[in-house]
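One chain comes next, on its own, written as C-alpha cells: the form predicted on its own.
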C-alpha cells in the first residue's frame, strides 16, 4: 500500500489547484448542510410548541386551526372531563382559542401575514414554555396584546409600549413573551373575547387542554373519541405541530437537495479535472511506484484516497460554514397556514456527519476515472513519459 503521506504531500505540492477544488466542494457541501439545517429548523420551531401533556381539539376533518370551527358549548363540556388538569386556583386548564391571520407592514412598507391568537384566561398556564420577558399579560376584556419576541421591531409599533392597528381598531402592546424558539414567538396574543367580535368570529378555532400526564392524555383523547356529544378530533400538541411543519420542511428539503445535486455534479467534475491533472503531472512518479513493486490496485487505491481526502476537506469546510449560520434567524411563509414563521438553521450531529460523507463521496466519485487511468498505465509508457 502506498503511504498516505505521499498523497498529502502531492496535494500540498499543487496547493493552488487543490485549494480551488476544496473550495468548490466546500460550497456544495455548505448548500447541502444548510438546507438540511433549515428544514430541521422549521420542524424544530414548530415542534417546540408542543407539550406532550397538552391536547388540541379541532372539528372533525380539519387539518389546522384556521380550517376548524369549534362551538363555545364544546369548551364547557370538555373542561368538565376528569382528565383535565386544574390551575392553582382550581380552574380547569382548558382554553378556547381563535386564530386569525392579519397583514402587518414591515418597516420598509412590505406586508406579510402573522397569526393573532385569541386566548383564554388559562392559555399562558396551559403552555409553561410561553413566558413573559417584558411587560405583562393582556387583561381580559381589553384590546391589549402581547407580542411574540421574534416580532419585536418587525413592524412600526411592534414594541413594548407601541400600538398596532388592524380590524379598524388600535391594540396597545403591553407585553412581550418568548416561547423557547417555537412558532408561538411569531404570534400576537390577545383576549379571545375581544378578538372574536373584532373579526366577527362567534366560534373558536380550537380548544387546548392540559392533562395530568401523558397516560392521562391518551385516556382523555380516547374519551373524546368515544363520547357521542363531541364531533372533535383530538391530537397531542407535538403531533399537531409536527403535521404543520411537514409540508414546508419537505418543500425546503426537496428543493435544496435538488439544487445540491446539480451543484454536486459540477463539483464532481471539478474534482475529476483536478485528479486527472494530478495523474498527468505525476506519470513518471506513478511508473516508478510500479517499477519498485507496487501493484495496479495500490496505485488505484492511492489516487482514490487522494481524491477522497480532497472531498473530505471540502466537507469539513462546508460543514464549518453551515455551522456558522446557526445564529441566523429568518422568516418565511408557512404554506399550510399562510402566515409568517420565524426559525433558524438548526444543526444536528447527523447533519454534520452527512455533510462530511457527502463531501467524501463527491471526492471519491471525482477520482474514480483518473484512478482507473493511473492504474492502467504500463511501466514502460510511464518511464518514457
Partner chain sequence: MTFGRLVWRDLLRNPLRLSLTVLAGAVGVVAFIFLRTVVDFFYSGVATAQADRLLTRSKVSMTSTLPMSYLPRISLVPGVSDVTFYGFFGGRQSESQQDFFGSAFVDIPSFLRVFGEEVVVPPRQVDALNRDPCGALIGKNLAQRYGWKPGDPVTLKGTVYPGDWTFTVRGIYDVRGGSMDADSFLFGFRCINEKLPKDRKNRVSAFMLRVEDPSRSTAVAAAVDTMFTNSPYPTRTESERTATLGFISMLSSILTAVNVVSLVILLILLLVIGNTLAMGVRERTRDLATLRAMGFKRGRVVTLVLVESVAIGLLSAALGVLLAPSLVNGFLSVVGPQMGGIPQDALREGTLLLGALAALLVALLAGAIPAIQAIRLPVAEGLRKVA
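Positions refer to the first chain, counted from 1. Values in this document were obtained by computation on a predicted structure and should not be read as measured data.
From this point on, the text means the form predicted together with its partner chain, which you will not see here.
Segments offered: 356 to 364, 50 to 58, 25 to 33, 318 to 326. Contacting its partner chain in the model of the complex at heavy atom distances within 4.5 Å is 25 to 33.
A residue is said to contact a partner when one of its heavy atoms sits within 4.5 Å of a partner heavy atom; residue 63 meets this definition for its partner chain in the model of the complex. Taking the partner from elsewhere, residue 111 is found to have a heavy atom lying within 4.5 Å of its partner chain in the model of the complex. In the model of the complex, its partner chain lies farther than 4.5 Å from every heavy atom of residue 228. Residue contact with its partner chain in the model of the complex: residue 17 places a heavy atom within 4.5 Å of it.
Proximity to its partner chain in the model of the complex, defined as a heavy atom within 4.5 Å, singles out one entry of 248, 299, 305, 126, which is 248. Note on contacts: among 93, 100, 74, 173, the single residue with a heavy atom within 4.5 Å of its partner chain in the model of the complex is 100.
Along 154 to 184, a non-hydrogen atom within 4.5 Å of its partner chain in the model of the complex is carried by 167, 168, in order along the sequence.
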